[in-house]
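First, one chain by itself: the form predicted on its own, in structure tokens.
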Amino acid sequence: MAALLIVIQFLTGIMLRFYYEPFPGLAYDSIVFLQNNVLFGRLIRNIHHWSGVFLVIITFLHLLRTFLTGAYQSPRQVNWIIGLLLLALVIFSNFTGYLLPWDQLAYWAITVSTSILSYIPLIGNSLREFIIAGNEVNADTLLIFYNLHSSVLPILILLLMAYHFWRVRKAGGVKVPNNSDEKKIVPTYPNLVYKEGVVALVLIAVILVFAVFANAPLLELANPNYSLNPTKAPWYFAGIQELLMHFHPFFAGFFIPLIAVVLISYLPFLKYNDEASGKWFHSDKGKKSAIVSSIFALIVTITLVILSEYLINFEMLLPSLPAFISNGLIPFAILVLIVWLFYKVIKKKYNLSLTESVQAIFILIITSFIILTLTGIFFRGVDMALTLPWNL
């Protein structure tokens, strides 16, 4: 499905290139002209937009499937890293394409997203200025993002995809349960081809339904002097933006994401005592602990968001301490303590192996991030205050 979506992105992207002009004075008008005056122009743009959204989601789901079936362990460690890089490239491809319409939504979403880079110690501001080619989003930013989106990132994705697929074949194909009762070999055609064909047709049908009934967003022409309220990052960065509502910027914009990336990248290199089974959730104990982890993450994350929003403000409670400590180090330490206690309790309760324990914590973190993302998208209204979706 991910590979098919990339093909759809390539084909529709090539068609859009015939009309798109990557300059602030022309970009927005070219999109409007494409939608209103070009035969099927709006449909092609909608397909390109929704296939890009589905590509991020399906690539992420593929990552989850790989993890939950143990396909990240030896001898597939390198391919796990390649998969993470591919997910990052897919997200950055969406991110660079987000600016191209040059409307209010795109301009301010990119402004908010790139401002997070400034929280990186020492090099943050320089890195942000390098990426957007100045102090604020401008004509050079649009041209850089256009070239990255339409040439550099697609080439990198294709190269890594080819290597990723080769590594899968080299490792013996898709990880399947070791205790399969029957290992009958059947011809690829028609057995696999028909199944993949049906999945492809269903996916194309879903994309077409979205493209027909839901238009890709397009607000008025970008205006650097008038910001949206609320101003939100693209949806795949909404979780990080939500973290900024509860933590010191250093922790929310740099330290916590860095720790998460390092830990997820290091997972395949842990010394597991039990071999990956290829079975979903590894075992019945693993499945039970996964369910408990997701429910615990759901309850705790929502509770902490509400407490942070309405009741607890460490900066006001501890005014004598620097914000880095009161709003950063202290809540982060509380968060780590909650995760550590949960790990100890669930490991003892279900007598989990290392594989099952890692899986439980992974699901805890992923579920929490999904809740934060959904909160940022659907429950943040004017001035980024918590509100119900129908009040947005």
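In case it trips you up, residue 1 is the first one in the sequence shown, and so on. Treat the numbers as computed from the prediction; the structure is a model and nothing was measured.
Just so you know, the form predicted in complex with a small molecule exists too; it's not on screen, but the next bit is about it.
Enquirer: Would the small molecule in the predicted bound form be within 4.5 angstroms of a non-hydrogen atom of every residue among Arg17, Trp80 and Val174?
Expert: Yes: Arg17, Trp80 and Val174 each sit within 4.5 Å of the small molecule in the predicted bound form.
Enquirer: Go through 128-136, 309-317, 220-228, 93-101 and give me the stretch that gets within 4.5 Å of the small molecule in the predicted bound form, heavy atoms only.
Expert: Stretch 93-101 is the one.
Enquirer: So, in the predicted bound form, is Phe378 in contact with the small molecule at a 4.5 angstroms heavy atom limit?
Expert: Flag for Phe378 set to no.
Enquirer: Quick one: is Lys232 in contact with the small molecule in the predicted bound form, heavy atoms, 4.5 Å cut-off?
Expert: No, Lys232 sits far enough from the small molecule in the predicted bound form that none of its heavy atoms falls within 4.5 Å.
Enquirer: Taking the shortest heavy atom distance, is Ser326 within 4.5 Å of the small molecule in the predicted bound form?
Expert: No - in the predicted bound form, heavy atoms of Ser326 and the small molecule never come within 4.5 Å of each other.
Enquirer: Given that the partner is absent here, does Lys287 sit within 4.5 Å of the small molecule in the predicted bound form, heavy atoms only?
Expert: No, Lys287 is distant from the partner.
Enquirer: Tell me, out of Leu267, Leu87, Ile256, Leu156, which residue has a non-hydrogen atom within 4.5 angstroms of the small molecule in the predicted bound form.
Expert: For this set of options, the contacting one is Leu87.
Enquirer: Taking 4.5 Å between heavy atoms as the contact cutoff, choose which of Ser150, Ser294, Ser283, Ser115 touches the small molecule in the predicted bound form.
Expert: Of the listed residues, the single hit is Ser150.
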